[in-house]
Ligand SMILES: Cc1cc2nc3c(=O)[nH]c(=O)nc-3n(C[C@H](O)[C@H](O)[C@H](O)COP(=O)(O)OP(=O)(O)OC[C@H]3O[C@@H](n4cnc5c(N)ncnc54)[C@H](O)[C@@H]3O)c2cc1C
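Only one chain comes next, encoded as C-alpha cells, the form predicted alone.
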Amino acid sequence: MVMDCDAVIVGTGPAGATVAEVLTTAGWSVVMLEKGRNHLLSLDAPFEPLGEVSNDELKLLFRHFLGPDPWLEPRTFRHDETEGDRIHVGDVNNLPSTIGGGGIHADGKLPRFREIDFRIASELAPVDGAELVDWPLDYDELEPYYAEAERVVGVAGDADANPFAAWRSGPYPMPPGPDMFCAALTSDAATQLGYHPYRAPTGVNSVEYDGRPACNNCGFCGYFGCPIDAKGDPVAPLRHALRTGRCDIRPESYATEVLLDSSGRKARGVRYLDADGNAHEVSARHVVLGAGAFETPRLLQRSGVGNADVVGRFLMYHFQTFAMGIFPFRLHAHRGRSVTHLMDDPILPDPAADTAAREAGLPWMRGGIVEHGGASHPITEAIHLSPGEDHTRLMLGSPMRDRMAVFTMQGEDLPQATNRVDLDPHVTDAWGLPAGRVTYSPHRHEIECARHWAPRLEAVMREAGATHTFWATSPALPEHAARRRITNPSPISRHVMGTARMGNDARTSVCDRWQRLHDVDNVLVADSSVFPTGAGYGPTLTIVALAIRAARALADLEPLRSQRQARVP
C-alpha cells in the first residue's frame, strides 16, 4: 500500500517539532497536523518569520490570538466526582493552539531534571494517596539527549552556576544573557539568607545563534511570541525540518481520530478536519502524537486507542506558590527577559522542611524551582488597580508593574489516579466533538509544601528591601478560597503532564520506555503525557530530550551516548 508519508505528526509544539526534525533529517517524509493557525513562520523557503507576533498585550493576553478561543473550544473542570459533571466551562489550562504550540508563548526557562527525579519511588518513602513510580529510564541515559536538546533549541546558561544540578557532559551552547535588576536584587538577598540562586538556563539567544539574533530584552517574553525569533523553541526544529524538503506542515487541520487497520493492533493514519470542516485522511507508516498532555489523551479516548484503564489518568500540573514583594523603588521587572534567575532550594530537603513534613504527617516534602521575576505589563496592571480618581496616580506609581517582584515556586505535584482528563458527557466544541474534562484536586503534600515555603520566600523579599509582602497559590488553598470569589477554579499552571504515562508494565502504563503505545506499537506519544512523575522543574527541555531519544529509536538511528566529565578539584 502506498502511504502519504512515513509519519504523520499531530501537533507542532516542542514535541512534534523535535520529532519532525529528527525524522526528516533521517530521510523520512512527515506530515504535521496543527489544529490552530500559523502565525510563526513562512512555510515557504527560506521560512522567515511572518511578523504576526508582537508586543501587543491585548492581542496576546486577552484576544486569544494564539488560540484556542475558549468559546469555540471549551474545556470543563471539577475537583472530584461529588461535584457532578462539572463546575466550570471555558479556559482550563489552555496552551497556545497554533504552529509552535505551547513553545511559542513560553519564557524559555529550560532546566534539566535531576537524577532523583527519575527514581523517586526507589529513593523516597511512599506517600499515602500518591502513586509514585520510577521512570523506565534514568538520567544517565537521557543526559546526551539533554545535551542535544540544548544544542538544537539553543540554550544560554552557566554550567557551574547551580550547585544542585545533575552532572552534565559539557557547557551550554551560549553564555547567559544580561541579568534583570529585579532578579539580581532578590538573588543577593536569597544568598544572604543561605539559599543558592543561579543564572537560569534559557532557550533565548544571548548571542547570534543558528542564524537567529540575540534577544533585545524587549520585556515581552512570557505569554508572547518572539518577533525576532530569539527564542529557539520550537521555531528552530521546525525550520530545520522544513529545510530538508520532507516536511509538510498543515495548519488549521484538526485531528479527530487515530485510524487503525482491521487487526486493531496497527495504526494506518489520522483523520482530520480542514478549516472548512471537510474530512481528510493521512495514511502513514507511523503516527506520532505531540498534542500535549490534555489533547493527546482526548484524541486517544476519542479513538478508543491505548490502555483505557490508564489513558487520561495521573494528570499533573505544577502547584504554584507566588510570593510578592512591593518595593519603595522601581525595579523595571517588566523589561528584559521574564526570568533570569532560579533557585532549587525548595526541591531539596533541609532541616526546616523536614520538620514541617513531620508535623504535617508526611514522610518528606519537595517543592520546586523558584523563579525570580517581576509582575505585569501596563494593561494588566490597569485592570487590577482600583478605578476612579486615583487610577492615574496609581498607574504613575506603578505598584504592580514597576515596584513588584514575584517569586513563583513550581511545586512538584504528586501523581494520583483520580486526577485525570476525560471526555465531558455533554459539552462539545465548535466541531461537535466532546470537550476535554479535567477532574483534579491537589495532594495534601502540595498544600503543606506551599504553607511551609511561602513565608520563607516572603522573608527573602523583605531581606531584599520589600516594604510589603503577601502570597497566594494556584490552585487556591482551602483557607484562601473561602475568602474570595474564584471565577475559574482550575489551576493556572500551563505545565500539564502525565496523562499517558510510560512504564515497563503494560497493565499500569500506556506507553513503553520508547514512548510507543503498548497495544499499538506504531503510535508514538512524544509529549509530556508520558511523564510518570512531574518533578519540580519546567518540563519543556525534558519533553525535547525525550522526543529526540524516541524519534532516533523510531528511525533506527544510533543511540546518543555521553561520558561524565571529571570534576576539577
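This is a predicted model, so every value here is computed, not measured. Counting begins at 1, following the sequence as shown.
Not pictured, yet referred to below: the form predicted together with this ligand.
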For this session: Please name which of the stretches 78-86, 292-300, 156-164, 412-420 has residues with heavy atoms lying within 4.5 Å of this ligand in the predicted complex.
Result: 292-300
Exercise. Honest question, do Arg112, Asp344 and Gly373 all end up within 4.5 Å of this ligand in the predicted complex by heavy atom distance?
Worked result: no
Problem set entry | Close approach of Gly36 to this ligand in the predicted complex, 4.5 Å, heavy atom | yes
Exercise. Could you tell me if Thr321 has a non-hydrogen atom within 4.5 Å of this ligand in the predicted complex?
Worked result: no
Exercise. Quick one: does Pro144 come within 4.5 Å of this ligand in the predicted complex, counting heavy atoms only?
Worked result: no
Exercise. Does at least one non-hydrogen atom of Leu331 fall within 4.5 angstroms of this ligand in the predicted complex?
Worked result: no
Exercise. Tell me, which of Pro96, Pro237, Gly498, Gly368 has a heavy atom within 4.5 angstroms of this ligand in the predicted complex?
Worked result: Pro96
Exercise. If you check Asp424, Glu381, Asp402, Asp107 against this ligand in the predicted complex, which one has a heavy atom within 4.5 Å?
Worked result: Asp107
Exercise. What residues in 7-41 sit within 4.5 Å of this ligand in the predicted complex, counting heavy atoms only?
Worked result: Val10, Gly11, Thr12, Gly13, Pro14, Ala15, Gly16, Leu33, Glu34, Lys35, Gly36
